[in-house]
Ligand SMILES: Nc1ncnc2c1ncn2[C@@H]1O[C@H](COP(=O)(O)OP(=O)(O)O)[C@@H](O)[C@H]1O
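Here we start with a single chain on its own, the form predicted on its own, put down as structure tokens.
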């Protein structure tokens, strides 16, 4: 509650009516959850009375920031939803992310104690490993909506416009309780010694650094990039916490199988030995690709009027992602190696039993040499 009160006072001192209204509404929500219905109702009434009577002014207070030239919306507001994202993290990543969540959730106590620490987190790693999902997860655990900066709207070809757009976004994030999320961060944070970039984008780095440095204590910012090696050195120093989101290990994959199978059952998720074997097989596959494999298998279930995801369909998806040799012979060998009998391969693929036996026998002879 202290956070909301402090922000309302700040808004009053800065004559920022949008900030006052946003944090007053948040305070009313908190009081209602805690059972103080009367005070919550009173605050909501004051908010209604304080809203501008002129419709144009009221709309201007609610409107999201736009690029002045293209009129494209440069942020998207995503409300919290605890059911939207289930994430599976390695113990190391979970520890760091939990520490950041604790900092955000106790920002009021830290501020009252005189501890001024920026709430900034950089997520980096290869594509498809869950950086965006982690940002949503933090949003849900802190109760703060995600303000996603749209880089197609931020980056402008006109001199100085990109820096102005960045300023608009940071000003907006300062005025409402939220988490500012800068995805594909390398698009605006590349090293200033990159000879392939235009001078305008190099100037954007300076603007970005200034905006981060001038962030107010309550502003929370998360950035994500697939190309950490491209970031300017000065950018790294602006983040209190940096977390590499890598590929999942065997234990994390086994946990993901249950999540990705829902609401269907699966031959893999219901058999512990198969689950363990599949997790070992799937090592090196990103969570995004793993989810796609199960989604495709679910499509086959629906079209085949089945409620159970078959081992063959899942292995088929893994084969497409991991194996370079796409020959029929290599496919049969792959399925057999990971637990499918010759009859099961025949039923799953339609390849004749005689041909399957020939493929496997040929392979055994080659291995014996």
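If you're wondering where the values come from, they're calculated on a predicted model, not measured in any experiment. Numbering follows the first chain given and starts at 1.
Keep in mind that the form predicted together with the ligand is not shown, yet the notes after this line are about it.
- request: Using heavy atoms and a 4.5 Å cut-off, decide whether 261, 265 and 297 all contact the ligand in the model of the complex.
  value: Checked in the model of the complex: no contact with the ligand for any of the three.
- request: Using a 4.5 Å heavy atom cut-off, indicate which stretch of 208-216, 127-135, 96-104, 229-237 touches the ligand in the model of the complex.
  value: Going through the listed ranges, the match is 127-135.
query: the ligand isn't shown here, but in the model of the complex which of 144, 204, 282, 256 has a heavy atom within 4.5 Å of it?
result: Selected residue: 256.
- request: Consider the chain as shown here, without its partner, and state which of 291, 274, 168, 150 has a heavy atom within 4.5 Å of the ligand in the model of the complex.
  value: For this set of options, the contacting one is 291.
query: So in the model of the complex, does any heavy atom of residue 287 sit within 4.5 Å of the ligand?
result: Contact with the ligand, yes.
message: Since only the chain is shown here, I'm wondering whether residue 87 would be in contact with the ligand in the model of the complex (any heavy atom pair within 4.5 Å).
response: So residue 87 counts as contacting the ligand.
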